[in-house]
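Just the one chain here, the form predicted on its own, laid out as structure tokens.
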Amino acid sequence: MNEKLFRTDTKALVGSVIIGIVMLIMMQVTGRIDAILDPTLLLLNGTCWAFFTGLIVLMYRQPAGIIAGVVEAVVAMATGYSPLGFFFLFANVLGSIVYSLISSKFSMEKLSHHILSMLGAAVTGNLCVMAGLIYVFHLDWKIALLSSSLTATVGTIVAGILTKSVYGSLKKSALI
């Protein structure tokens, strides 16, 4: 198995659940803030999602990224914090897989590596959310595409920078 893609040790699996719980708390908070500001434009929530997706994959690889994403999506559906909760399941799993595949090709030492990996995950995840915007909110596909594109753009840039910073700090401190 490729060490850059998979880790199945206990630390990775337990860590993914713990970070997944932190992710879901942050997603609950940012999701509610976004709902107040504009429920179709998930800028804070999308950025938070992208950051945690990238960080979990970099820290623990797969299947940890999928586990954390599923934990977050299931709690999102159970608590009903967003009508798009069902679509988050697909966004979380597919976004995590895409991030893993792209990031495994890079050293992840440059900002461009983080931005490219985040771009793949954000576009993939936001395509899933776009489907939800069309199906749940009955938005015209052009409006849903605009909303998802804005969220993916902001998430890619902000989360890419945050992920590089946090991941670099974790590596320097020898925590990963």
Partner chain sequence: MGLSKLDPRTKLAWYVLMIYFSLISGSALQLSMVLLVEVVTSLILTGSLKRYKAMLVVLFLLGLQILTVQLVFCREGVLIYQWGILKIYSEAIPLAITGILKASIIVFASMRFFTSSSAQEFTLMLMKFKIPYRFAMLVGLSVRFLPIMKAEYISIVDSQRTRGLKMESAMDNLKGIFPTFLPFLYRSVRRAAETALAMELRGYGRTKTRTFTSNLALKPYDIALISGMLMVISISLVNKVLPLL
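Here, rigid core means the biggest group of C-alpha atoms that superpose within 1.5 Å across both forms. Since the structure is predicted, the reported quantities are computational estimates derived from the model, not experimental observations. Residue numbers count along the first chain shown, from 1.
Omitted from view is the form predicted in complex with its partner chain, to which the following refers.
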Please run the contact check for Leu44 against its partner chain in the predicted complex: heavy atoms, 4.5 angstroms, yes or no?
yes
At 4.5 Å between heavy atoms, is Leu58 in contact with its partner chain in the predicted complex?
no
Give a yes or no for Val29: in the predicted complex, does one of its heavy atoms lie within 4.5 Å of a heavy atom belonging to its partner chain?
yes
Does Ala152 reach its partner chain in the predicted complex if we count a contact as any heavy atom within 4.5 Å?
no
Within 107-140, the residues that have a heavy atom no more than 4.5 Å from its partner chain in the predicted complex:
Tyr135, Val136, Phe137, His138, Leu139
2 Å or more on the CA of Ile33 between this form and the one not shown, with the rigid core superposed, yes or no?
yes
